[in-house]
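A single chain comes next, written as structure tokens; it is the form predicted alone.
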């Protein structure tokens, strides 16, 4: 009798190690999602339930947090409220149960729109400038290329607070304080260094022979860039856009310093939601939940490009 010989690769993980790794990933994912779940649940609580001790895991859902998020309220006497007639909306009914009436819309919707304009606008500008600069560094002989690349990267090394005061004084002198254009320019300047470094690595992986073949067929350098390089670098562009958008979407320090009204974004506005007796935690939870949706949708739509972009060039022939 001959013993059966089974081949086993030394780099192939065993079934036991796969199960352990899978369990670790699942536990890590669940632990990471606990704060998100708690924020989502807080948005559906009433103010007393949101601050109850011990915390309530089972509660009656309420739209009070979302109503308080999108409206401003004033306290009135019961006689005044009875004279208004029956409530017209769900938010009106919930507000009157607290002996208050809706005075008008809140500023959350304009602040949310400002976040969309500033974040996506700065991401678009940073990616466009990053693609052009990365292509130039990758394809042409640029004097002092390494020094210039290091200088571009060095702009990300300093903390924002180190340049906050000079930027504030400069923006006040130029009239860019509390403007969407000023915030777009600032976030573009911060993100363009990251975009250049990420995209240069992606473009370096695209063989130059593709462009040379296109130019032999009659394409100009510009046509070859749009027809050959950009489609090949789509995964890198998508990955870079996600990273730039995450920074611009969540940025807080410059938004607090440079905006206060017309161009204020959602991050500095959400902590200022004050309800009766202090912080309106259901409204804060509702505002944070809605604030997470655009970045989540954008990332999910580009998730395939993101995974391919992160691993692009990891395996070399």
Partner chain sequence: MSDVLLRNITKRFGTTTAVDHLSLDIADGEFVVLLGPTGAGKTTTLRLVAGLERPDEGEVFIGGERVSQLEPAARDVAFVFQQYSLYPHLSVHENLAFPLKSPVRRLAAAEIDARVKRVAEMLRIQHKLNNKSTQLSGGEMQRVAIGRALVRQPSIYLMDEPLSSLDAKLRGELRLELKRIQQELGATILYVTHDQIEAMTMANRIGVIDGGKLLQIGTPREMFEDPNSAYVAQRLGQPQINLLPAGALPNGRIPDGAVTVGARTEHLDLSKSGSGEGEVEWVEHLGDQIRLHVKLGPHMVTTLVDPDSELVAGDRVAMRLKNPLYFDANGARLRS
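Numbering follows the first chain given and starts at 1. Worth saying up front: this structure is predicted, and the values here are computed from it rather than measured.
FYI, the form predicted together with the partner chain isn't displayed, but the following is about it.
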item	value
Three-residue site 177, 258 and 261 fully in contact with the partner chain in the predicted complex at 4.5 Å by heavy atom	no
Residue 168, heavy atom within 4.5 angstroms of the partner chain in the predicted complex	no
Heavy atom of residue 91 within 4.5 Å of the partner chain in the predicted complex	no
Contact flag, residue 228 vs the partner chain in the predicted complex, heavy atom cut 4.5 Å	yes
Any non-hydrogen atom of residue 159 within 4.5 angstroms of the partner chain in the predicted complex	no
Per-stretch contact check against the partner chain in the predicted complex, the hit in 125 to 133, 101 to 109, 77 to 85, 207 to 215 (non-hydrogen atom, 4.5 angstroms)	207 to 215
Contact residue in the predicted complex, from 219, 243, 197, 120 (heavy atom within 4.5 Å of the partner chain)	219
One residue of 145, 139, 96, 223 in contact with the partner chain, assessed in the predicted complex (non-hydrogen atom, 4.5 angstroms)	223
